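A single chain, nothing else alongside it, follows as structure tokens in the form predicted alone.
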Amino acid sequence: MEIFIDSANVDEIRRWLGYGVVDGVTTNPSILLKDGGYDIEARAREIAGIVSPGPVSVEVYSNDHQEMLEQARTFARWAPNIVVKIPVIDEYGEPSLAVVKELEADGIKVNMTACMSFGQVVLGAKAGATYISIFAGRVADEGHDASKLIRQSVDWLTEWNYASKIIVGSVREVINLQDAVLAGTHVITIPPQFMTKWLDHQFTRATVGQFNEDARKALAIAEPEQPRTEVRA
């Protein structure tokens, strides 16, 4: 399983890369806006250089399919590890599958995003998407079983030998990370604040503190012997 950081915050990306647990980065227009990435190209190039050769997802921002293609091809020229995020359908319900197919045929990796159903996963795999992003938090918000959807999707891709990988995103709580991992997702993309919560534990801190304190007490009791001074006649 791979972990992507869902962020455009360069400091956080460097931090988690330094721990050796991050394999890539995902962004979207909302994340770039929140993290101050107003110049999308500059921030995407910077992140791609930091993460290389790991993938960095950058999302198109149009409903028009021709514009999607043009933006995607532009993004892909910024760095060899850029993956273009294409929504499975646009805001009016028009499928973007032909865009996915054309880009993949041109050698541009696609992260087909905003998926909420098994049918979308199946059609995305048929269209050739490198990654298919399930927004598990939003699936659960609508009262559906996100873990079941993840498990069914991974099992189906494996059974039919599709190369597409499932990315689970839209994390709402730390328990969502556990659910996604146990459901067998190929990739989970995690906002930095949830990475911190996933790692931290108050009783781990208390245990380490106790061990350190007891070690100091033991060292204070076992004072080293003073070296003897040899007296010569």
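The shown structure was predicted, so the numbers you read here are calculated from the model rather than taken from an experiment. Quick note: we count residues from 1 along the sequence shown, nothing fancier.
We do not show the form predicted together with erythose-4-phosphate (E4P), though everything after this point is about it.
- Of the residues 77, 138, 101, 144, just one reaches erythose-4-phosphate (E4P) in the predicted bound form with a heavy atom at 4.5 Å or closer; this is 138.
- In plain terms, the part of the chain that comes close to erythose-4-phosphate (E4P) in the predicted bound form, with a heavy atom within 4.5 Å, is 166-174 out of 43-51, 62-70, 203-211, 166-174.
- The candidate spot formed by 28, 31 and 85 lies fully in contact with erythose-4-phosphate (E4P) in the predicted bound form, as each residue has a heavy atom within 4.5 Å of it.
- The shortest heavy atom separation between residue 185 and erythose-4-phosphate (E4P) in the predicted bound form exceeds 4.5 Å.
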